[in-house]
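Only one chain is given next, in structure tokens, and it is the form predicted alone.
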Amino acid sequence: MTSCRLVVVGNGMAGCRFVQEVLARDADRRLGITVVGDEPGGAYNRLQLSNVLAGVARVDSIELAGEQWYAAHGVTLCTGTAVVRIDRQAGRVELDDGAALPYDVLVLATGSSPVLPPVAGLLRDDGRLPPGVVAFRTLADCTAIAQLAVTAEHAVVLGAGVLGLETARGLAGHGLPVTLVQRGSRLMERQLDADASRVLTRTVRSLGVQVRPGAGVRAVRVDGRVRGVVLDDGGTLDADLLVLCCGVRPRVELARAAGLAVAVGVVVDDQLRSSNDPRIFAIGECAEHRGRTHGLVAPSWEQARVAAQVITGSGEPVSYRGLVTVTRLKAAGIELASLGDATADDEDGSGDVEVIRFSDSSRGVYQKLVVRDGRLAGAILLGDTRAVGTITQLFDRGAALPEDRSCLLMVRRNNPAAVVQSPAMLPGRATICQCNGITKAGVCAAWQDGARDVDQISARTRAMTGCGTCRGAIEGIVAWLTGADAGSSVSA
């Protein structure tokens, strides 16, 4: 019998994971859970939308939890509806269909909204985008872009962050002429330094994407539908498909209207509670913890875990302290990982920062380590990411680096036949899936418990349900385990 009414606003990756974490801890089903999602259907992996657009993933393969899953677990799911008001005094949320849901505990997982740049002609008189213009954020947006691309003659992608690059590469892979426009002077300027951006620009151009860095858009040309863009320098680009990938901002309108503490995001403490209402929690992209918001999935899922443990009262007391994240680019022909303070340099001569670089422009490779006080502060691995596992482990643990820093980047560079390190050589604590924190030992434990292929490993551990870049490593471990003597035990 339920004794606490738990309402979750948002059924994205954070909200869905939170519900799963609660169910895993609430064995007696004391909590009656209702989830409200403004998109139709169940939850899906937003990180894989660019792969769906590129044609390397199917829509059904990115599902995290279908509507039937919620019903089977006794969770009430309200889809295709939105919360329009939080009544904190009455303890209820009001929906756009006139219904009201009472709550004892409320969790906001409202995510982010796409940023629309202040460009003339971008919005119609009714405030909507003109035909042919899509702000890429949801599965419906992905479907719309794919349909428009079938008949488009030229596409412009505005914004050269991770999503913009993945989108441009995906469209170019279908043979559509694409121009990537970035107001800043370099691609992925938050994650890459100037040298890395130059190497990435050459790689992207070699894959069929035209790149226009340092080019702001002054206006959008519309004649019934989008026809092109006018740049700050007066130049024009023809386009009958314009995709906006200009960043996101936390969705905090509900929280602000309800009088919750809001800065950039909903201000929360170390237990993810609103700083001025202990009955309300916020997780994921809408939450601001210790002055920071984020747009990556690993922190969202860690926040979901912490909030679930706090709300259910299970296990030891727990706090969210922040999480180290690795930015990965998922696009055919491009390998990229960036973590920490990777843009720092040592040009000031102060000696506070030590930088180790390796560059091979002919292969599109650029690697960089930023070291402070003998420990890794940041890294860029472009074109060759074989060392990412080792480097991430060193970063996570704050471990002292070897005196010969370059050995961390020289991963069998002179032995191309041995591209992937044998799984037998990896320590059990090595993190294989960064999004979910799954180690080699966790993969081995799942295999020994009966999971015999990558899909079963994923179902058991949740590995590969985030950005998906760990799939190759898990396939390698599964192949190694499968090839072992069936009568012997495998040590992690």
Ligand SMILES: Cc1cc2nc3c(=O)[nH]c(=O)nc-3n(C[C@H](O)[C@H](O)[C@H](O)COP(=O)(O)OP(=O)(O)OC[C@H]3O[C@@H](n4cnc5c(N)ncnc54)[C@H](O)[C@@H]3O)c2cc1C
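Worth saying up front: this structure is predicted, and the values here are computed from it rather than measured. All residue numbers refer to positions in the sequence shown, first residue = 1.
The form predicted together with this ligand exists for this protein as well; it is not shown, and the discussion that follows is about that form.
Trainee: Tell me, which of Leu129, Leu254, Leu409, Leu401 has a heavy atom within 4.5 angstroms of this ligand in the predicted complex?
Mentor: Among Leu129, Leu254, Leu409, Leu401, a heavy atom within 4.5 Å of this ligand in the predicted complex occurs only for Leu254.
Trainee: If you check in the predicted complex, do Asn11, Val36 and Ala109 all have a non-hydrogen atom within 4.5 Å of this ligand?
Mentor: Verified in the predicted complex; spot residues all in contact, yes.
Trainee: For Lys440, is any heavy atom within 4.5 Å of this ligand in the predicted complex, or not?
Mentor: Lys440 lies outside the contact set for this ligand.
Trainee: Is the gap between Ala82 and this ligand in the predicted complex 4.5 Å or less for some heavy atom pair?
Mentor: Yes.
Trainee: Using the partner position in the predicted complex, report whether Arg227 sits within 4.5 Å of this ligand, counting heavy atoms only.
Mentor: Heavy-atom contact with this ligand at 4.5 Å: absent for Arg227.
Trainee: Any chance Leu47 has a heavy atom within 4.5 Å of this ligand in the predicted complex?
Mentor: Yes.
Trainee: In the predicted complex, which of 262-270, 121-129, 202-210, 136-144 comes within 4.5 Å of this ligand (heavy atoms)?
Mentor: One stretch meets the cut-off, namely 136-144.
Trainee: Does any residue in 448-475 get within 4.5 Å of this ligand in the predicted complex, counting heavy atoms only, and if so which ones?
Mentor: The one in contact is Cys467.
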